[in-house]
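Below you will find one chain, with nothing else, as structure tokens; this is the form predicted on its own, and questions on how it binds or moves follow later.
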């Protein structure tokens, strides 16, 4: 394969990758990704030593050590559009020679763990609990832009969802991708597991209506009733399906654990979600470093 064109692989004058502004040596093999840039410092405050702090726009990265284990915490911002940037650029940092614009023959794999906040879609999932995403259900359409997506999407699962939901053809075609088994065993042990629906927005795409009406009546109620091989849709958020899909296509290990800050069924919201997020951070750091 020839060199990648400058318009396709965009590199900054200091040879860092375009949006993340990172150099290959500035990321660890184990990466915690979060949506909120301020949450990166909450994580890195637990580090024994911080090597690098890099920020550009909403993308903030801190890399350091905890108990001798090298970890990066990276803010992605919100949405699968940002995840498209983050996953491709993290992969480029380890699998492409940025100076010569050539793809390495031997590929490296990263462990990418999303630590997020989410709204539960089942009555029995309490606010301030944690949910591990066994599957990412993409309602965003991102993966359909990639030729390799056919190899990682669970086609039977996806077909069953489209049929049961009578999915409107005017909306993006859904897709379902499973988490990485090794991270499920390491990170998800003992946690409630389910299907995490990933939406392309916070309001209408998640069934919220302020002044605008919704195209799908009772979207959340329909999602909560869906069942495939005794698996239910447990929660709603905005990043997981793209992380799972792009990670699987690029050869990286991915997992998501969400703090449940709202229950869409019971119409409740956490009275102190930041404390819940801190508990989740401590749990994930402990499991990464174990």
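Residue numbers count along the first chain shown, from 1. Predicted model only: the values in this text are computed from it and were never measured.
Omitted here: the form predicted together with a small molecule. The next part is about that form.
- Heavy atoms of no residue among 18, 22 and 101 are located within 4.5 Å of the small molecule in the predicted complex.
- A residue is said to contact a partner when one of its heavy atoms sits within 4.5 Å of a partner heavy atom; residue 72 fails this definition for the small molecule in the predicted complex, lying far away.
- Proximity of residue 28 to the small molecule in the predicted complex falls outside the 4.5 Å heavy atom cutoff.
- In the predicted complex, the small molecule lies within 4.5 Å of some heavy atom of residue 236.
- The small molecule is not drawn, but in the predicted complex it has no heavy atom within 4.5 Å of residue 193.
- For the candidate set 261, 66, 54, 249, a heavy atom within 4.5 Å of the small molecule in the predicted complex is found for exactly one residue, namely 261.
- The candidate stretches are 169-177, 88-96, 205-213, 141-149, and the one lying within 4.5 Å of the small molecule in the predicted complex by heavy atoms is 205-213.
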